[in-house]
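Let's start with one chain on its own, the form predicted alone, as structure tokens.
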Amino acid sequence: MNHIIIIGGGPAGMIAAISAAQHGAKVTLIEKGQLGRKLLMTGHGRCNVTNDTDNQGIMNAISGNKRFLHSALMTWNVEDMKDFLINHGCPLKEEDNHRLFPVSDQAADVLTLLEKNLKGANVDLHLNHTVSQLCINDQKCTGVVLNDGNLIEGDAVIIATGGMSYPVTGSTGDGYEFVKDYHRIIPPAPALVALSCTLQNGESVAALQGLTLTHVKVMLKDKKVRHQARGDVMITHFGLSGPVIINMSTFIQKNQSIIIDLLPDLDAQTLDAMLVKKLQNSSHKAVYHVLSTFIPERLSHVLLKLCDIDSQTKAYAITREQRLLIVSTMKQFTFIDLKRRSFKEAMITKGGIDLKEINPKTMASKKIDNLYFAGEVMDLDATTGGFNLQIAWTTGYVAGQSAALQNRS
């Protein structure tokens, strides 16, 4: 019977432990705090456990190497995870964009289910224990050393320590430190996070704080549009947030801007014609009042300032050039100086253990024998919607199974 040591008690670590035990291994799970702290926070405490899509749908949501999960998903995919949860007493419901949640809307129910399975599988839990280093000799991992100096020997070790997002939950980059002398680490960065930015003239966005732009088209652009999506955008005191922005944050590079088409259902020519008519019909009203029939009033003041037009200018005094500039700015309302917010606010980590150094069929290290990875510690992330948890479930299950079955005849 193989003895498998798992470092990390998040979703990936817990499912890895259950999988390894199911496949005949003795399992020790070490967690520096309590189990599932980050799991309890997902989906605002409701736990978006996965997305009801097929294997290709999961891979399409991944921001980097989409094919890495192909083989693993043949072993443990969305249907397997749904069956596992439902068969163990956690019925699911589907919401928009195929997101799956517990019917109870309680992440705690998912954690309780996992804890019961860990107990039922006789997994040896070492909670509030911290690993200080791996035992690696002759390119083989043979166990771990705890901070108190105790050695735990095993036939394989699975690192499921997470990334660096929400460090209050214990995700502080430990996994990178354990293997940095053996594996290439893609520099970790916050992902699925709000953006700090300024208006196109460099001024703060604070005047628009609290405003929600609904059903707008959002484009990430440098010399050309790199990504685009439609949805709602929230403007905060520091910049931009909302589902569209959070998903787009994963792709942010230097010297890019966010361009928002405030009225995506109207082309520029149609919008101009409508604006001409409204200016004529309200010729003696201030121009901001006319614009406020298209966009929120606060936004109209800011937009006019960007166009170097006094908000109180009468509608009849607006020149053709000014009108066309207004139309252009409504179709391309621009934010610059884009920066991701910190790990404290990020849902996930982008970066981590280089996937080129991990066997995609088993999650085994290609550098160190008897060493496996699962979950966010790897350079594998996806958009929102339950996809990142499915990555954790899939890689965790496969790592547990592979480690349990290694070297068995």
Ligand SMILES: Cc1cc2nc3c(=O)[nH]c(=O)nc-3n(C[C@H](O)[C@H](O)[C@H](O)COP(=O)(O)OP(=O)(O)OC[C@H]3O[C@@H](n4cnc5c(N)ncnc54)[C@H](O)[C@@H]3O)c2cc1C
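From 1 onward, residues are counted along the sequence shown. Being a predicted model, the structure only gives us computed values, none of them experimental.
The next section is about a form of this same protein that is not shown, the form predicted in complex with the named molecule.
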| note | Counting only non-hydrogen atoms, the one stretch of 248 to 256, 261 to 269, 67 to 75, 167 to 175 within 4.5 angstroms of the named molecule in the model of the complex is 167 to 175
| task | Would you kindly say which of M347, A61, I368, L355 lies with a heavy atom within 4.5 Å of the named molecule in the model of the complex? | result | M347
| query | Should G400 be counted as a contact of the named molecule in the model of the complex, where contact means heavy atoms within 4.5 Å? | reply | no
| field | T28, heavy atom within 4.5 angstroms of the named molecule in the model of the complex | value | no
| field | Heavy atom of R340 within 4.5 Å of the named molecule in the model of the complex | value | no
| task | Could you confirm whether I5 comes within 4.5 Å of the named molecule in the model of the complex, counting heavy atoms only? | result | no
| remark: Within 363 to 392, the residues having any heavy atom within 4.5 Å of the named molecule in the model of the complex are A374, G375, E376, G386, F387, N388, L389, A392
